[in-house]
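Only one chain is given next, in structure tokens, and it is the form predicted on its own.
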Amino acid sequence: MEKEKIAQAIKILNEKDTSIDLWMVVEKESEVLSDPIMDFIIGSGATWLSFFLFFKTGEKYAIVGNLDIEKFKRLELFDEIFAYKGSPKEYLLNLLKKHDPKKIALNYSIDSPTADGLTYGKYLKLVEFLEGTDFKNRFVSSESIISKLRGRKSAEEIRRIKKAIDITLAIYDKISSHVKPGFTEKEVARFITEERKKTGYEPSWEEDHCPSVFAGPQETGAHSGPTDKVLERGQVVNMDFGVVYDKYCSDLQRTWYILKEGETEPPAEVMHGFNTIVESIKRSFNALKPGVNGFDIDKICRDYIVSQGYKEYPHALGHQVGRVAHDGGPLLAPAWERYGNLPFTPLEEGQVFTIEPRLYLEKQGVVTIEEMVVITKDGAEWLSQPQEKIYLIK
């Protein structure tokens, strides 16, 4: 996978809209604080201050501490590896002078955490090494490279994501027959966690709120953990959960209704809310294709929900999923300051997104569904089997 992604990165450097000659990753003591891209393209960490250089020409070099060299040789990712004992400065300057890159991309970004792996301390050290040269004036952000690299999923990456989705949905399928009124949110979460552990896979995010379980009306935030609140008849219950399969995540939400005594189906206000969410997801899905931006997709969904008499949801419609649940890059989101320019970055083929609107029913609770889709050449495809009927707990 690392060789595949490095080859993809060099291809990105050679695209018409990319004027970057060198992408350089700077790393040190990965066990303490690692650049998010290291596991993605290297598959291993570094101990001492290290430089990984990927040139537009296709040449690939590593400069590492002398005791790390054998590990990196075994990876077979680089054309040449330079091992230093005292300082990497000479090796770095020699490579830069030889290739004379006009633009050098470094891993910093205002909007995307997955492209912001260069710490300020490592940046200062790099500038110190380049003092007296013009190279320190040639830095640009690598956000565009990393966004494309993480976003354009290969067939193998999609296969792993689909597997993670299948595992997640199989666990969700057990909820309706197991969970009963009187369970607490924590007990529901414990059941899901036990089922996940039987599969042998890790949660997609921190276990204290993976899964998240929300029963009935409440003010709890969407990223908080389950509580001792008791599930009662007449409530809407929603859950947010995912697993990691071979380094790739799923992130899915589903909604249930707990039938009251004598009920055979949810009341009309619950069904209207649920059907509004289903329809809003379909409308968003139908508008997805390469070249559109996430702001427009979010607006389609947001406007429809408001048109049905509900308040707009207080978050983005969807994010990318990959190595982590929130995988960075373009968002399906409104033009809020917290999202920066990400809602206006054109979508690309191969990107995997969630679609996750929500609405609030004052008496019953939050109705939400989260699906996963992949952008295709002409539109999009479902990766998860969409929830089109509300699940019932009797």
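Sequential numbering from 1, following the sequence displayed. Everything numeric in this text was worked out from a predicted model, so none of it was measured.
The discussion below concerns the form predicted in complex with a further copy of the same chain, not included here.
At the 4.5 Å threshold, heavy atoms of residue 117 reach a further copy of the same chain in the model of the complex. Using a 4.5 angstroms threshold between heavy atoms, residue 363 stays clear of a further copy of the same chain in the model of the complex. Interface residue remark: residue 299 is not counted as part of the site for a further copy of the same chain in the model of the complex, having no heavy atom within 4.5 Å. a further copy of the same chain in the model of the complex is approached by residue 66, whose closest heavy atom lies within 4.5 angstroms of it.
Judged by heavy atoms within 4.5 Å of a further copy of the same chain in the model of the complex, the contact stretch among the candidates 97-105, 234-242, 285-293, 119-127 is 119-127. Of the listed positions (306, 110, 268, 170), a single one reaches within 4.5 angstroms of a further copy of the same chain by any non-hydrogen atom in the model of the complex, namely 110. The contact residue chosen from 204, 255, 212, 144 relative to a further copy of the same chain in the model of the complex is 204, the criterion being a non-hydrogen atom within 4.5 angstroms.
Site residues 84, 315 and 324 are all in contact with a further copy of the same chain in the model of the complex, judged by any heavy atom within 4.5 Å.
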